[in-house]
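Below you will find one chain, with nothing else, as structure tokens; this is the form predicted on its own, and questions on how it binds or moves follow later.
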Amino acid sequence: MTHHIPEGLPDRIRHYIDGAFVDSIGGETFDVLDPVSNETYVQAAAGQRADIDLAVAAARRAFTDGPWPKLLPRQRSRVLHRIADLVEASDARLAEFETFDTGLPITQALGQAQRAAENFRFFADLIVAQSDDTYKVPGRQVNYVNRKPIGVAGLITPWNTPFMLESWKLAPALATGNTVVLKPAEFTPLSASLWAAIFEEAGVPQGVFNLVNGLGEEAGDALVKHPDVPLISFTGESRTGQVIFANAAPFLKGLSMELGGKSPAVVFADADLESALDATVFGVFSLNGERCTAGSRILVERAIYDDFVEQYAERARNIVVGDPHDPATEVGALVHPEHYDKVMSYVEIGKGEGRLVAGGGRPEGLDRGNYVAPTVFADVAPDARIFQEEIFGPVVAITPFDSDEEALALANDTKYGLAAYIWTNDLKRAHNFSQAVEAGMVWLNSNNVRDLRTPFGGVKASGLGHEGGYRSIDFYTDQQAVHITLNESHAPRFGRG
């Protein structure tokens, strides 16, 4: 297989602080691999506490002394629309870089670049259209809500769809007038390095956007513990979320955390089987299975179970695994050899926990790179590790059920609660099941289609808080209640005898 290397790769990846590209103060670096060859293609600056201090100081100056928080919403909106225009204009290059860095199939990376532009458009429009509450007591009082940006937002993003997920945090943080320090995932710093030029060209003032690369234990930890960063928005593993929660607690920081998932897809016998197959195959194997909302546990009513498993396995065996840059590829290479080893270890565990009906190893003909054949285990018991633990790869567990009650118990039987997918044509069952399932988001007879106005987040170990629409505006602003008396004040007259 030919190894596609994009033109224009940087010779090194640096931080971007106060309007300039800089190395780490101490000169620290780390290797960045591409997932097809697993060879180092670039070195990136490895941020330490001193680098985070510089970035936060720049962001703080831009917030207290700069124009950004004081601009009218329409003025910030124009800048955000320009950012969206620039992202759209360079979506092919962005996607090519993203695919090279992450191993995502090029067609899916292109979709993520387009979603990134839409995230900026959405929040550009929302801040102009936004209205805040006013409460009147006629003749006596007016109370209104005044929203204010909070300050420096610390944004810590994952490696699975990095550019899009960075935009999902950057857009509302900037739209509401905050300044930011972004710490992208160390496995995939390439596309994040493109933000600086985009923001400069769009007219974002110096110091408003800062980027520090590095490891979570170093740069990420310093950002979470920095006293001048009142907000942390994090997407990543639940275990890392627990560490961030503990480290942010002494500072009483605002936290928004979208964490792991082991989401159920529940297929009832009366479902449209063809549509359910389409969505559940896509829901596990798109984005190489590296998606927090993957429907990685499929629960199927026994009456259709054998037929479903047979058809699902057949589809999985026919998925095109190959060069991420080939438009025909449906599953590319996993992001990093460390993650590949983790996913493969779960494949081996699964062989002792379920009936292997597809995949189970490295695809034929792909001898190097982080390739895993789409893997399907049937007859998986609820106490199996592959039923309970997030694998984050192209691996799925299928389990039968006999009743609505059993389906619900199985669906809720994990520590996670991010998404749930329900396939049935029974209207009453659909609504009752949706409301009883422990998940922050439910899709009925639908794959994972996002409406940016709705809250995005999970329950249990899947997260804390919600973003999306006004929930993002709420997170990135302080809501100040202002009370005005319209006639004489009627306070009790203490101290007058």
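Each residue number is its position in the shown sequence, starting from 1. Please read all numbers here as calculations on a predicted model, not as lab measurements.
Keep in mind that the form predicted together with a small molecule is not shown, yet the notes after this line are about it.
Does at least one non-hydrogen atom of residue 360 fall within 4.5 angstroms of the small molecule in the predicted bound form?
-> Looking in the predicted bound form, residue contacts with the small molecule do not include residue 360, since no heavy atom lies within 4.5 Å.
Quick one: does residue 220 come within 4.5 Å of the small molecule in the predicted bound form, counting heavy atoms only?
-> Residue-level check for residue 220: yes, a contact with the small molecule.
Wondering, does residue 91 line up within 4.5 Å of the small molecule in the predicted bound form on heavy atoms?
-> Judged by the heavy-atom cut-off of 4.5 Å, residue 91 is well away from the small molecule in the predicted bound form.
Heavy atom to heavy atom, is residue 160 within 4.5 Å of the small molecule in the predicted bound form?
-> It does: once the small molecule is placed as it appears in the predicted bound form, residue 160 has a heavy atom within 4.5 Å of it.
Counting only non-hydrogen atoms, choose the one of 365-373, 195-203, 212-220, 321-329 that falls within 4.5 Å of the small molecule in the predicted bound form.
-> Looking at the partner contacts, the answer comes out as 212-220.
Do heavy atoms from each of 298, 343 and 393 fall within 4.5 Å of the small molecule in the predicted bound form?
-> None of them does, since no heavy atom lies within 4.5 Å of the partner.
Position in contact with the small molecule when the complex is considered in the predicted bound form, options 165, 87, 80, 398, heavy atoms within 4.5 Å | Contact residue from the list: 165.
The small molecule isn't shown here, but in the predicted bound form which of 171, 185, 420, 208 has a heavy atom within 4.5 Å of it?
-> Filtering the options by heavy-atom distance leaves 185.
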